[in-house]
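In structure tokens, one chain follows: the form predicted alone.
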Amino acid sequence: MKTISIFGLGYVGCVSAACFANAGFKVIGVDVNADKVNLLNEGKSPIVEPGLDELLAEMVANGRLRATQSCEDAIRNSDLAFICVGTPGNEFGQLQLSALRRVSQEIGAALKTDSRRYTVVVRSTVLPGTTLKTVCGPLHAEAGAYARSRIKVAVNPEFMREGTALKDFANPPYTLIGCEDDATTELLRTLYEGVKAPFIVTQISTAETVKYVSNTYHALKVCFANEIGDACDRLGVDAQEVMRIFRMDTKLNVSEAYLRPGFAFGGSCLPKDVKALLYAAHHLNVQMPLLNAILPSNNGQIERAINTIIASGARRIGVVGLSFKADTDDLRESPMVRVVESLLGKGLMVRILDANVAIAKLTGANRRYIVEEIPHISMLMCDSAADLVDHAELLVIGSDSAEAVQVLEQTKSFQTVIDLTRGWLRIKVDANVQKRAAA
């Protein structure tokens, strides 16, 4: 049975580690953050993801999963390594690859005196050409003579959404491998034998690019659905019904994912990947007028929400949901953080309900972000739906969550509700009310 080492215990790394362990492999998680390593060794998840806590606890308890800060320990005791470290973008979209380069160097150094055939798989999201330059170059240089013949590199992009990552790992659209070595391809095929999805093998640069094309298209779909929602609102047409019917055409309109009118997109993938692709295109003098419109369109949704709230004249605002998506703790590029910051800047009295973003629960980048960038927001958090409702003249629903349902059920007749999910939750609330009435 193969042992897998996974470098980087963020969303992709933690979920991949748990799922590979669940598939029967032994897994060693590696991270420079001692808190993450300690949490995983205690069977606790460093991130918020439905079902992950339970799965990690089970895998640690049965001895299939452990974590370490030592690269040498992980490489010495494993047969292949997955690199899942973050590749954040700067304000212009340029990827920051220092962590990827450092891990590649450390793996190469650990393999310098090791004569085994070893495979390194890049699962981090990177632009085409990055694996050969930023991974293979440092890796082979540190490993020394004959490294190219015994250390093989492949690319295996992930297609997991935060909030449904465990399901997405088990049921991806396909398993994509960028590799030019048949033996490495077959090794990776054995890892995914239990995943019922097409196994696609292509060139490394193609696999790198597919991830960006996918995420850019997802971002485009969000903006498309929201702009259609805007038009329908002005025309007096039911946007949800229009798009429900539109999504039924799975032959020409592709699929229903991301095609529901709602609020702006955020998170660690869509904004970063759209910016990175545009940055690369700009430096190649490639004109992309449609894709260049995605981020301004998304920003327009945020500005419209802010202006609508301010125009209401309400002073006491209650906000449900601070993370970019329900059932996660991820604050990166969250549109709701921008909304709250703008309202506070206008002198409004804002309170927030989001149990996943309680400061005591956060670790790593999310904790650092809220402590360093928005420390005042942590002091505005409410403990319950009742507390939020008691505070607010106007309630802003920013996420499709159980907390939002609770708030809507407790809303008083004099309170105004601005639902940025565009009415999606009302169906749940009405169903709950009818159920109680029948009882």
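This structure is a prediction, so every number in the text was calculated from the model and none was measured. Residue numbers run from 1 along the displayed sequence.
One more form of this protein should be noted, the form predicted together with a small molecule, which is absent from this view; the next part is about it.
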| property | result |
| --- | --- |
| Listed range touching the small molecule, judged in the predicted bound form by heavy atoms within 4.5 Å, from 338-346, 315-323, 196-204, 152-160 | 152-160 |
| Close approach of Arg102 to the small molecule in the predicted bound form, 4.5 Å, heavy atom | yes |
| Contact flag, Asp31 vs the small molecule in the predicted bound form, heavy atom cut 4.5 Å | yes |
| Val12 within 4.5 Å of the small molecule in the predicted bound form, heavy atoms | yes |
| Contact flag, Thr125 vs the small molecule in the predicted bound form, heavy atom cut 4.5 Å | yes |
| Listed residue that, although the small molecule is not shown, lies within 4.5 Å of it in the predicted bound form (heavy atoms), from Ser268, Thr87, Thr130, Thr328 | Thr87 |
| The unique member of Asp230, Glu106, Glu333, Asp79 whose heavy atoms fall within 4.5 Å of the small molecule in the predicted bound form | Glu106 |
| Site check Gly8, Lys36 and Lys211: each within 4.5 Å of the small molecule in the predicted bound form by heavy atom | yes |
